[in-house]
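So this first bit is one chain, no partners, the form predicted on its own, shown in structure tokens.
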């Protein structure tokens, strides 16, 4: 290998220390939030004077928090399904298609990844006000789909590019129709890309706050918006409890995705 970590000598320890410090820098805020959610103080004080589950009890006893969590889950599931389906169709066109302007079209679909989210949010908000979609479930889904779709296109396109089309052609030669070959041969072979696209799309929608603030209404709020609005009014540890649940679900899905990728690699 051009660069063998085991042969770096003293640099190995320096790089390990830098990596450890960066990991600690990224994890400490998350660990602080988790600790605050179990603190006995009614304010966000660290270190907590004691430990309690009171804030989780208040969180689950408040129907407003439950409604916000269910709204987030419902929107995230819808966005996940639409993102995977549309991402698969777009990826098939970009990878298998032979037409002019493919590179331009790919760049167009990936534009929401490079634009600041606030710009996308303001543009969608202005458009949805005219269309009557602001503060509606449809508006939420479309807004989240705009930022989730590029991730689906990248992951599914990557899976398709590593798949050998000759396998699909062989299935057709054996009597399968083109669509049957795609469903029974291609789809299972790129299932890791489809699953990764689903996980990313769900998490992007589940954690999105900037777009959700612009799309929200008094009767329709996602969990991140509920956390944001409550934080502006009161520094209650219930916010830390809700944030911990957001973090827990995100970590759980990322671990599942990593285990599935590891299983596929074997």
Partner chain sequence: MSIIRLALPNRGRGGSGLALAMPAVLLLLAFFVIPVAMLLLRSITEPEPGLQNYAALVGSPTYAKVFLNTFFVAGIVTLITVLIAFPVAWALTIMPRPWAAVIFAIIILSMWTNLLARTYAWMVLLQQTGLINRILISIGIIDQPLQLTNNLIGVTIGMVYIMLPFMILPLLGVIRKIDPSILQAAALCGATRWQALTRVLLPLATPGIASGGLMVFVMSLGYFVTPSLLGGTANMMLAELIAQQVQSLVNWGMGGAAAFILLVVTLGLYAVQLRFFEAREGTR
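Not measured: the values here are computed from a predicted model. Residue numbers count along the first chain shown, from 1. Heads up, when I say rigid core I mean the largest set of C-alphas that superpose within 1.5 Å between the two forms.
Form predicted in complex with its partner chain: not shown, discussed below.
Inset, instruction - Using a 4.5 Å heavy atom cut-off, state whether residue 65 contacts its partner chain in the predicted bound form. - result: Residue-level check for residue 65: no, no contact with its partner chain.
Legend entry - Contact flag, residue 22 vs its partner chain in the predicted bound form, heavy atom cut 4.5 Å: Heavy-atom contact with its partner chain at 4.5 Å: present for residue 22.
Inset, instruction - Find out whether any non-hydrogen atom of residue 158 is located within 4.5 angstroms of its partner chain in the predicted bound form, and reply yes or no. - result: Outside the cut-off, so no.
Legend entry - its partner chain contact in the predicted bound form: residue 132, any heavy atom under 4.5 Å: No, residue 132 sits far enough from its partner chain in the predicted bound form that none of its heavy atoms falls within 4.5 Å.
Legend entry - 38, 137 and 218 all contacting its partner chain in the predicted bound form, non-hydrogen atom within 4.5 Å: Judged in the predicted bound form, none of 38, 137 and 218 sits within 4.5 Å of its partner chain.
Legend entry - Listed residue (146, 78, 154, 194) with a non-hydrogen atom within 4.5 angstroms of its partner chain in the predicted bound form: By the 4.5 Å heavy-atom cutoff, the listed residue in contact is 146.
Legend entry - Heavy atom within 4.5 Å of its partner chain in the predicted bound form - qualifying residues of 200-217: The stretch 200-217, when checked against its partner chain in the predicted bound form, contributes 200, 203, 204, 207, 209, 210, 213, 214 at the 4.5 Å heavy-atom cut-off.
Legend entry - C-alpha of residue 254 moved at least 2 Å between the shown form and the other one on rigid core: No.
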